[in-house]
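Consider the single chain below, provided in structure tokens and representing the form predicted alone.
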């Protein structure tokens, strides 16, 4: 959640930042109105509490002086009674303010470039040269059919569209990639975790998926539980409502999970192949960092994901997202886009974000800084999305006859 005090005290500056992310000024004005309503109720309530405290002190004085307290008691009781509806109004105003605030995205960093969408993102660098094929490279779905690697029809039969089955060598490749990713991450200092694939609503609210993106989640009927859309949710929320010591930071975590997404906002996109599935596997990096050190951790995570792609021999580029393309919780994001020769374009394979204290405020993750508690910074990023890496290997390591080589670094895993 954004810092509401900052928004209240620096409304114009905060509004400018949030409009970078497409937040409408009417929503911010609604928040400002709710601030005023809450403040009005609180001022009245505080005045009545002060009066109550003054009258309560008189009780002792009257008793010591032997005075009649019956009239004073009537006034105290009447004041208590009058406070009840005001307390309820203040509570209702606070709830209304909180509900609107939960749907407000994070402030983008000042250095985030202006822009409306992915067309305005900025390429920072390219890594590895593109392979020069002596033939027309095929898309991964054609290669899958030629090699018997992916069964799309039976995946749909078992579930519905955007589910698929990996077979034989593709299934082994998936397992090899998961192990390779986890091994690489742990070598860089990330501690491996195995976490529940089902989380409750409070955890999804903590990392920002709820309430705004409820339509993209698979909910378990009659339970306050959801299938996770990313391991970012359980890994970050392991420290939900906890106070860490400064010495514990940074906490570097990694884990493999399947991810489940309805992709409600992407109808009609990537309907062929396995680029966009309702269920996919991913190895995630998550960090909980000291606010003064989160930029260093961010660079470590970007470098690690890029190193994995380089080790696999996959050409990719590093892209900084503009304000209009930033995710809900992100203050800053770097995407890694892998080259897919069959599709003749770069596609996102990792998105690494620093959310600053946005998630920490929602999830109440703090650390002890001297005598006071401060919010940590949380970061997350893929290292890597397994299905998209399989796609990239298929298209970059294909031969003219449709056969597919295995990257050297994976051979020991297979």
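Numbering follows the first chain given and starts at 1. This one's a predicted model, so the numbers in the text were calculated from it and none came from an experiment.
There is also a form predicted in complex with the RNA; it is not shown, and the following applies to it.
Engineer: Residues in which of 377 to 385, 26 to 34, 62 to 70, 351 to 359 have heavy atoms within 4.5 Å of the RNA in the predicted complex?
Structural biologist: Of the options given, it is 62 to 70.
Engineer: Within a 4.5 Å heavy atom cut-off, is residue 5 in contact with the RNA in the predicted complex?
Structural biologist: Result yes; residue 5 sits at the interface with the RNA in the predicted complex.
Engineer: Residue-level contact is defined here as any heavy atom of the residue lying within 4.5 Å of the RNA in the predicted complex; does residue 80 satisfy this criterion?
Structural biologist: Contact with the RNA, yes.
Engineer: Residue-level question: is residue 369 within 4.5 Å of the RNA in the predicted complex, judged on heavy atoms?
Structural biologist: Outside the cut-off, so no.
Engineer: Indicate whether residue 345 is a 4.5 Å heavy atom neighbour of the RNA in the predicted complex.
Structural biologist: The answer is no: residue 345 has no heavy atom within 4.5 Å of the RNA.
Engineer: So which of 243, 127, 191, 102 reaches within 4.5 angstroms of the RNA in the predicted complex, heavy atom to heavy atom?
Structural biologist: Answer to the contact question: 243.
Engineer: Of these, 166, 203, 319, 76, which has a heavy atom no more than 4.5 Å from the RNA in the predicted complex?
Structural biologist: Exactly one residue meets the criterion: 76.
Engineer: Assess the spot marked by 132, 277 and 279: is the RNA within 4.5 Å of a heavy atom from every one of these residues in the predicted complex?
Structural biologist: No: no residue has a heavy atom within 4.5 Å of the partner.
Engineer: Can you name the residues of 40 to 65 that have a non-hydrogen atom within 4.5 angstroms of the RNA in the predicted complex?
Structural biologist: Contacting residues: 46, 49, 50, 52, 53, 56, 59, 60, 63, 64.
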